[in-house]
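Presented as structure tokens, the chain that follows is alone, the form predicted on its own.
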Amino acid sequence: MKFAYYPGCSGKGTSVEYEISTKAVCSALGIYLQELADWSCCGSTPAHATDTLLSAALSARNLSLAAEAMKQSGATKLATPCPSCLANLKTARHHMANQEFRRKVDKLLDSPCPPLGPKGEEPLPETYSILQLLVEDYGLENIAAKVTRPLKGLKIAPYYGCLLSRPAPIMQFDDPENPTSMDRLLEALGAEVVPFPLKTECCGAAMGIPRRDITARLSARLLDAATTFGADMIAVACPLCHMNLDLRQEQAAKASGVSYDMPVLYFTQLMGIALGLPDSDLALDKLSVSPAAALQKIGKEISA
């Protein structure tokens, strides 16, 4: 399998452990990720909150690069690990079906996007999350067959965040209110998935900068729920969700009056553990809350 790959800015900085573990897991499964040459920021939350046209132009540029790269390499799909990047890329493609909108976007770019086909065919590629491609294209049975260190004994709360499957008409992945793809993936790895009714509730997202109080309160709700349902850790698929739940636990504690020590891992890190990959491929040392104590349940030793 070969996919064109858009890492997003977080993957090169604040969520480098997601990037490292994603590449390691895909390599172990025989999936080749071809990173787009000269990719640029998709604008993330600030761009679309400020200027829809500019946001679309930033994403359309990357989609144009992907279209050309895929044509040359034979990659079948465009993948990204980040739900925010995913939402921006998919939303831009959706809006580009409007010819007038497309014309305005082209004016902002050095090179115009490929035009729609004679029957309105969109030459810009659709984008998929790494999670979706692993579950739907590679297959859970194939992943389970590769497991060498089952996560049996670990109770995990799967947290999807509010973007991965919503809005449903654009994202077209899983159930928008009760997604189960990560649940089923974790079960394929041998873990026990605990009930987590807040799996798509917002963690505060980018409000962690202008309104830290809001993010602290919302993140505390999620940490409380995971604790209440007996989770040993939370699994996430979003860099911003990870930052709010892992890095900001002290802020959440001040908001709720409850102390937290809840490990928060990317689902790719958990996959890497189950596949028996070395610690250097998982970057567990980048986590703010150490999962060392929880991982002892499966006989996995790491430095605290």
Partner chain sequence: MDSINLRARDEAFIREVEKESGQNISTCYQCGNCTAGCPCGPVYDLQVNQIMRAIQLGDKKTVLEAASPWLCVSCSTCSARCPNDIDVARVMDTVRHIGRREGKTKYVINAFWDSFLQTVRFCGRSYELGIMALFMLRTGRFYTDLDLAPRMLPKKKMPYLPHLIRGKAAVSRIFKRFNDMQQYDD
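Positions refer to the first chain, counted from 1. In this text the structure is predicted, and so the values were computed from the model without any measurement.
As for the form predicted in complex with its partner chain, it is not shown, yet the points below apply to it.
Partner-contacting position among D51, D261, E68, D279 - heavy atom within 4.5 Å of its partner chain in the model of the complex: Result of the distance check: D51.
Partner-contacting position among I31, L58, L275, A255 - heavy atom within 4.5 Å of its partner chain in the model of the complex: In short, L58.
Contact at P167, R212 and Q251 by its partner chain in the model of the complex, all three, heavy atom at most 4.5 Å: Every residue of the spot touches its partner chain in the model of the complex.
G208 within 4.5 Å of its partner chain in the model of the complex, heavy atoms: Residue-level check for G208: yes, a contact with its partner chain.
Residue contact check: V16 to its partner chain in the model of the complex, 4.5 Å heavy atom: Answer yes; at least one heavy atom of V16 falls within 4.5 Å of its partner chain in the model of the complex.
4.5 Å heavy atom contact, A24 to its partner chain in the model of the complex: Because no heavy atom of A24 falls inside 4.5 Å of its partner chain in the model of the complex, the answer is no.
Contact flag, G204 vs its partner chain in the model of the complex, heavy atom cut 4.5 Å: Yes, G204 is a contact residue.
Which of 139-147, 184-192, 73-81, 217-225 sits within 4.5 Å of its partner chain in the model of the complex, heavy atom basis: Among the candidates, contact is made by 217-225.
Residues of stretch 259-298 in contact with its partner chain in the model of the complex (4.5 Å, non-hydrogen atom): Contacts from 259-298: D285, K286, L287, S288.
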